[in-house]
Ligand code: ADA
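In the form predicted alone, a lone chain appears below as structure tokens.
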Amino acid sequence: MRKTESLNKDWYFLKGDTRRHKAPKRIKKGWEKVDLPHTWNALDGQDGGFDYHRGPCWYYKEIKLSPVKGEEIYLEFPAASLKAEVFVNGRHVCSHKGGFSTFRANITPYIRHGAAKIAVCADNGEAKDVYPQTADFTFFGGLYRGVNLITVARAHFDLDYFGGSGVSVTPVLNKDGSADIEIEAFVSNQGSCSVEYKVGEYTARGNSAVIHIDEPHLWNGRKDPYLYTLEAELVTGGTIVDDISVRFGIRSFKIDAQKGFYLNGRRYPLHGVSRHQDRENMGWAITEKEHREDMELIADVGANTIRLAHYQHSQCFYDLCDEYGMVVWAEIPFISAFMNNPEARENTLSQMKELVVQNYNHPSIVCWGIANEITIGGEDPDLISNLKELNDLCHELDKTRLTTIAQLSMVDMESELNRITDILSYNHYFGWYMGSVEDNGPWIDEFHEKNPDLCLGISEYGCEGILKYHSNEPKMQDYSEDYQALYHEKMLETFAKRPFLWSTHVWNMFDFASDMRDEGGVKGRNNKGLVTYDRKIKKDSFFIYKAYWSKEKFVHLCGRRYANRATETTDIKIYTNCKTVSLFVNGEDMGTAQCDKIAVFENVALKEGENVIRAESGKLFDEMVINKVSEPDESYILKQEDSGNSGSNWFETLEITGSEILFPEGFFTVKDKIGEIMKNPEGLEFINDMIEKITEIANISVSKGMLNMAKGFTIEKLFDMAGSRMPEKAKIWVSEQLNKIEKK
């Protein structure tokens, strides 16, 4: 019978690769004792500077084994970032490329004298043959999901095929309401063994079998995420030699370009969040406790869908998605930077095979994401070929689900890229990096008008919200909690008027680490979350979503962290899904307002010192304190030098010699990509000097640490993103400076 044991305790860790890829035979001075899950970037991956340790590191553990004849022993790695080499007793066992998926190693032939000295080299360093290499998040290294030891009989459900379970379950709903459960088992060394299945009272036999259920209990999203359990046994001579259990759900879905998402034949508008898996001071080395905490917060906000970005997440979290009824977009880390070589292409395919095979049985998953913003470097023909091959692979592996892609905002509405996958979504940051929040609606309408047959979603949208910043007049890129809340109010209004969108996913549910970032006075972090990195504080924006999405009645006072206010009166904003709400200030009844998600009491008078603000709806209430102070609290305002954009209207004092943008042969122009300009020494100097000024005018936060991701943009593209805010004089001046740099 199968036996699975955790090997998470008592490992030894060595930072760096002092042994030049040779497996250590014993522990010497300098090794640190650790337990798994573990990452070496828990702290340096979140503190900014873009200097976290990337490269090979070693893990070592000795175990005693008592192998029985006819048994096989596997090491199971739920993840090792980003590449791994596994050794047992000094001998190389296997390699793996991809930091997010399960892989296993049969170590039976390598065991000596009842012992196994296990050495694992995990490597999150730069490479040209594994994704991701460039992205706006930290690539935490390590054995961050632990290690298991699996002992099985020689005949067993397959452990070697792309990390899968060994059994695939395909529920098919019939027109009469019944269901056929198509089952396929993959068996190693089967010999005379037979496969037997049981689902409740239903049974079947054979490597391939079908169980018919007349009146199935459907997996029905958040309302009723019912799960069946399949028990699969490998039997010979009446003896069970291996057994596994697989949960599955019976459901149908479709997506209509005009009406959006349908679940089990009924419209089911998808509104939800994206999620990164890291946690403050832990990186990716989190446990079931943290996964469950994340899910409870996502359920609390009222989401019914999750985009699990930008990589394969833990099986624990996919299980939670099944249990909580979340509709899931699962994707591989084919992101930001296309590496045009055969090895990298093969890595996209192998990571997709692992994603699909390992997650095939999860009813929560409805689509496979083949890439995210992969055209930052341009729409290369080889890139398009790679995407088409990934799309075909998904359909080959899984004929029941759809494919999707998250497009960079600048991808043309009529681009060939929008017709590769079954459905698609765009990442749009109008109102943060560019344009205004009001630009979202017209863009969506124009796309829908030009492509009425395409199923469109919004896969990312959001803005930074840092708890310490506040304003009576919040505006774009002030990093205030208040602007973030206002931005999301407007986005929810935009989506409510456009029910044809197949899904919307907030970026992001939680703040997350991006060690390259330094903006808003916070280093190493993307602060677009509705909840803080440590999961302790729900920002005001969390509650506007809860007002729209959740059926759980609540009342929330906005602005509690804007505690010191130097005004005679102030507006009090309340988010709630109750029909009415009453306001009390220092015990005085200020009246009752009718609510449609938001209630605002204007010009509420404040007394000197402390003011107790209380909102009530029936038995529900929320309370906060506002202090009336004599002078504005300067700590609430982001200082210019901390903003990440230090430019100003520098162009006003400069002289230009021409009146139009020119394109002289042999010299750089605004049509050249930033990456190409930076290859020239003079061009690099120009970019380093000008990028912050250009992006400040364009209202785009591009720090020097993020230039890698912007190398595919042309200067002209930055002008386009800025729109009317970029004065023509500034464009001509930048053009003239580029025209002075000769291409070499």
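Residues carry their position along the shown sequence, with the first being 1. Everything numeric here is computed off the predicted structure, so don't read it as measured data.
Below, we refer to the form predicted together with the named molecule, which is not included among the displayed structures.
Taking the partner from elsewhere, no residue among Thr108, Tyr161 and Ser188 has a non-hydrogen atom within 4.5 angstroms of the named molecule in the model of the complex. Under a 4.5 angstroms non-hydrogen atom cutoff, the named molecule in the model of the complex has Asn427 among its neighbouring residues. Interface residue remark: Lys528 is counted as part of the site for the named molecule in the model of the complex, having a heavy atom within 4.5 Å.
Residue contact with the named molecule in the model of the complex: Tyr433 places a heavy atom within 4.5 Å of it. Although the partner is absent here, Phe512 lies within 4.5 Å of the named molecule in the model of the complex, judged by heavy atoms. Remark: of stretches 370-378, 390-398, 322-330, 356-364, the one touching the named molecule in the model of the complex is 370-378 (heavy atom within 4.5 Å). Scanning Asp242, Asp478, Asp123, Glu460 against the named molecule in the model of the complex with a 4.5 Å heavy atom cut-off leaves one residue, Glu460. His310 is the sole member of His96, Lys117, Arg251, His310 with a non-hydrogen atom within 4.5 Å of the named molecule in the model of the complex. Annotation for 134-160: the only interface residue with the named molecule in the model of the complex is Asp136 [heavy atom within 4.5 Å].
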